[in-house]
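Given next, in structure tokens, is a single chain: the form predicted alone.
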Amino acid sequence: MPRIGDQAPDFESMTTIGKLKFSDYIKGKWAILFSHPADFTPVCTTEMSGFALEKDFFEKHNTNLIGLSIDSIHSHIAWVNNVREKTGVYFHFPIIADIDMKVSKLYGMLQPGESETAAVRAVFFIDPNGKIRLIMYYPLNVGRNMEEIKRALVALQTADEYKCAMPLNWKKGEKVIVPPPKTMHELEERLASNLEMVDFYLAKKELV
């Protein structure tokens, strides 16, 4: 089962946009790989629609989306078309037809305590170097939180750009945490700075 910090396992699969090699699809991009238990199910329909409706947000943040369930390509296509006809929402991102469960097993999306025949609601955040940076798991009967997915993506990208960390409930525009000093010289510099300090090891600053 992949863990945070691991390279994302590569694979080739049939999807709703054709055969796809994962490493090619995510090359030079952030990516979010997310699984759902089954097509034509109510919670999954709301979740997939949520991803689709945030198309502009993910494009702005250089992020490719890719879904997955253990359904056939025919089921995926019928479901995508059904949702478009009924709601006007189009799932523009590829959805993996993981009917042989190869990708689900590769990524630990099958968790027997929950179900042996359906993938749990897993979300993998993968950076442009192909490294897994964050993993979320939800049970079959609880939908994901799209605002948290968006917040986490922005936090990861901001942390990389500014070499900082994020406090509890951080949102874009709020102060970030500066890494703690590693030497006495760095400590003296910090004590003389204008950082917002709770103590020498916990200091915040605004991003410019």
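Predicted model only: the values in this text are computed from it and were never measured. For every residue, the number given is its place in the sequence shown, counted from 1.
This next part talks about the form predicted together with benzoic acid, which is not shown.
Participant: Taking benzoic acid in the predicted complex as the reference, which of Gly28, Pro179, Pro167, Pro42 has a non-hydrogen atom within 4.5 Å?
Facilitator: Partner contact (heavy atom, 4.5 Å) among the options: Pro42.
Participant: Would you mind picking the one in Leu140, Met146, Leu53, Ala159 that has a heavy atom within 4.5 Å of benzoic acid in the predicted complex?
Facilitator: So the residue touching benzoic acid in the predicted complex, by this definition, is Leu140.
Participant: Report the stretch among 33-41, 147-155, 59-67, 179-187 that approaches benzoic acid in the predicted complex to within 4.5 Å, counting heavy atoms only.
Facilitator: Looking at the partner contacts, the answer comes out as 33-41.
Participant: Quick check on Arg133: any heavy atom within 4.5 Å of benzoic acid in the predicted complex?
Facilitator: It does not: once benzoic acid is placed as it appears in the predicted complex, Arg133 has no heavy atom within 4.5 Å of it.
Participant: Is Arg121 a contact residue for benzoic acid in the predicted complex, using a 4.5 Å heavy atom cut-off?
Facilitator: Heavy-atom contact with benzoic acid at 4.5 Å: present for Arg121.
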